[in-house]
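In the form predicted on its own, a lone chain appears below as structure tokens.
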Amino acid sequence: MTQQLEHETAADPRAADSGANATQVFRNKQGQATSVDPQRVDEVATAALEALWGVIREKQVTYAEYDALKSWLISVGEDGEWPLFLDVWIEHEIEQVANAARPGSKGTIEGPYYVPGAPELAAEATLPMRDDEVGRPFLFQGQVRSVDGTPLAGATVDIWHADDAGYYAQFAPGIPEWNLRGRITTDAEGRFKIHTIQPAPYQIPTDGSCGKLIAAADWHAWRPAHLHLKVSAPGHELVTTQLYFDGGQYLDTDIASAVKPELVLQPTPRADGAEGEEVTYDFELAPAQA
């Protein structure tokens, strides 16, 4: 999220500010979470520690490296970057396990930049954006169905994405609160049309603790351009996903390891001759488990 392209925000975004926002969003969400069974905590925590001990023995970790790790862990907390760290390097495996047996559309990670409560919009709508919003116009349309093919009227397509400079509203300064965020309600046939702009690839914040890890390991910090979506309907399981763009940079080297072949869009020029591109992508939702 540190990339700057054609337009400038009011001030440079900082990892600490973004981290603090992500932490607060998670705390708000966590307030509704249930407790975890102690036996399950014992089982998972013990396995995780044993795996870490194995790495220490295999790699012959030194005290100097151990102290560097402690210092880094402290700074991750001070920067508020635990949501960023976990969502970039851990969540993709959690998602794979959680949704391995679920039929219907493919999901992937939510990431740290979701904010609930975006404006509610009609089945055909333009996402909130600045009057001078930079970016190539993009029409994203499709249908929400149950896995048996039944169209789902009144389904919710909750969409959010970065702007043309790689910044997210509410996580970078100078951007209107709900910029490029909205909740679309499908029509009687389960269809939707969303007018927006194509997002840009971006780096995750690199001036904080996660950036120190990236630099120390000589990794790159980039995510491919993508749309975030949460698609839901009464009586069906919610799908959280991201959709990418064919031919885009970093599809094969996404730092968050979240790209799947089924999630890569192939936009074409607008059929009506308007400026920009369009794509049709349908969602199939599995019935909720009893």
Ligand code: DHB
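Given the structure is predicted, the values throughout are model-derived calculations rather than measurements. Throughout, we count residues from 1 along the sequence that is shown.
Absent from the display: the form predicted together with this ligand. The rest refers to it.
With respect to this ligand in the predicted bound form, the three residues 156, 190 and 281 uniformly fall beyond 4.5 angstroms at the level of their nearest heavy atom. Although the partner is absent from this view, residue 208 stays clear of this ligand in the predicted bound form, with no non-hydrogen atom inside 4.5 angstroms. Of the heavy atoms in residue 111, some are within 4.5 Å of this ligand in the predicted bound form. Contact between residue 236 and this ligand in the predicted bound form is not found at the 4.5 Å heavy atom cutoff. Although the partner is absent from this view, residue 202 contacts this ligand in the predicted bound form, with a non-hydrogen atom inside 4.5 angstroms.
This chain is displayed without this ligand, yet in the predicted bound form the stretch 82-90 from 148-156, 173-181, 82-90, 118-126 comes within 4.5 Å of it by heavy atoms. For the partner-free chain shown, 223, 226 of 207-226 come within 4.5 angstroms of this ligand in the predicted bound form, judged by any non-hydrogen atom.
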